[in-house]
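Below, in structure tokens: the form predicted alone, a single chain.
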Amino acid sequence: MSQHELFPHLMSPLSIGQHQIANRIVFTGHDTCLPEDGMVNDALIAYLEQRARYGTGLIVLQVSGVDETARYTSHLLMANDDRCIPGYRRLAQACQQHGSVVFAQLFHPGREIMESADGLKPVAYSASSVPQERFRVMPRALTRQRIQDIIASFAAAARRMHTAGIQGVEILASHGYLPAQFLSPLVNQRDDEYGGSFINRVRFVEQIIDAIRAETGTQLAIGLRISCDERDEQGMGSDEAIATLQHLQDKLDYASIVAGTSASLGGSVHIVPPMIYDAAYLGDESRQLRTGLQLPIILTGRINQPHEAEHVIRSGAADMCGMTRALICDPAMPTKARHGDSDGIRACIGCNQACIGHFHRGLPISCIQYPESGRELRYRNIGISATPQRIAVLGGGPAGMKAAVTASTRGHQVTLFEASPRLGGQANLAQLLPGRSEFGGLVTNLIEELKRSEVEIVTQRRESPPTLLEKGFDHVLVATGASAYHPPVERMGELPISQATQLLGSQPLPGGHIVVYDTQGDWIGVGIAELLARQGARVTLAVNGLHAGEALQSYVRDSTAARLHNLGIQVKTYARVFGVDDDSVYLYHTAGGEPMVIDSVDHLVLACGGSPSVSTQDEAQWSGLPITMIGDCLVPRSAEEAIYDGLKAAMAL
């Protein structure tokens, strides 16, 4: 079936300004932590070119700071000096040679400063001295002269982009950044020509657009990214966004619609909304916002599949769709959609773990399902092994499946052995928790890749690595996972104790007052607590850490914290369980050392991680044999490490 039959709207061309874009798929601007010293480098070029190579219509670069005071992290690009031009030119040419149109984001965060390169708190500037809640920043109000300087810096940055061959620029008035701080009647408390009335508050953005146009002419497309609603009671709603776009539309070539604000924990969740949010969840708001507008509209917000994007465009909610995480997860998505291969698309599951999660840790971007992302210089070409071997993979969880697919792609003869009737391992349990059903897509995607490979799959069969070597396999990759860890808990009574993994999928679940003991801070502890509370139990979550979900990416954590609060789940932090009696759980406060007691308890549920299935004795017996351990059987970690282990082990064969 052709592209025009399956996705006629998504695959049709569109003009923005003077540039025709081949399709409606947009790789929107997002931080990658790939640049070094504020400059475009080979890693960033390879990352973006990989998306262009497979047919992405429009690529919008990550933010480029326009002024020294725009350094909101130590990882952004900077466009405040002509020395940046050669790098942007190389990047533009690399993507444009494949037919992609390239725009750049021009950026000043104002008071939204996350970090500085030297760890010291920088001086932040805003429309007014109104504190920022999330990063605890008190900004200094900009003088009129500094306002003019920053407007000029936007224009100068746009000139540099134009000189480099970038085809458009996008001004970030979204997510509470500096232009939004001028637009906001709550943040902007000025009493001069830049504050007070709407006309005054929009003046800053308007003068930026006018200065860019005066500097670059009509060849450079100019867009505005704006939040349709900041999703915060102290933030801007749709009225300000609509008024801004209506006022500026004659000066703009397009608008890019998102939601949320960086200024608060709740609002920031919508910067990269996790899987708890529906696909294309901003469609209705975008449709209402664009009423009366003639601008082309880009909509972003959990649009992960071509059929979702097709519906968004067909319904009139937008003209183009930001599909950033979809393209991080599967750079070949546009080509697969064009050829009608929807089943072959590796669908993003919205876990946020290795994309925005890496950025918040200062690490280069990647994807738990596709660790090749962000590592294109190393893994862009899988290649064929010079010495094909007969490979056995023992264990059909994420690590084993990724290893098997990769080894087969490299030309090895691969057999995958799984002791249970079903592939997927621990990932099958993750999808059973509230709001985590899409996590099962990780298994679905890997199974589809296995179907398309030449891997032989054998289920319900246990094998030992030495036996497989005796049967003629040249190398064994052991991916047999882990079992639930039971911490030392002194029993002074008969209080029932269960592992969280035992409860998933079982019925009936225990009721009454349940204590969930979480030492990992991952999805399991908070997830089982939410599941039990939704089934009617009274739940206390005892966390051996600073807060619930401590190891989760912040947007996943904060959206989860909201649900735990709404369910009335009590959270005890700094808690280490050391004993139980018939109806009490005894804990230490790990910072203070004082005992704590939770009384009237009916059940204790453990979420304490795993123990590797391969013992040190096994490892010693296998010493010298062609056996490689990967995933949780080596050390229990997350699906991200398991899948990356599988990739690395297969590439090393």
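Note that residue numbering follows the sequence shown and begins at 1. This is a predicted model, so every value here is computed, not measured.
One more form of this protein exists, namely the form predicted in complex with a small molecule; it is left out here, but the text below deals with it.
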Are all three residues 29, 324 and 359 in contact with the small molecule in the predicted bound form, where contact means a non-hydrogen atom within 4.5 Å?
yes
Tell me, out of 333, 303, 479, 104, which residue has a non-hydrogen atom within 4.5 angstroms of the small molecule in the predicted bound form.
303
By the heavy atom within 4.5 Å rule, which residue out of 436, 108, 201, 225 makes contact with the small molecule in the predicted bound form?
225
Considering non-hydrogen atoms and a 4.5 Å limit, does the small molecule approach residue 63 in the predicted bound form?
yes
So in the predicted bound form, does residue 212 come within 4.5 Å of the small molecule, heavy atom to heavy atom?
no
Would residue 130 show up as a contact with the small molecule in the predicted bound form if we use heavy atoms at 4.5 Å?
no
Against the small molecule in the predicted bound form, would residue 113 count as a contact residue? Criterion: heavy atoms within 4.5 Å.
no
Given that the partner is absent here, state which listed stretch (337-345, 137-145, 428-436, 265-273) has heavy atoms within 4.5 Å of the small molecule in the predicted bound form.
265-273
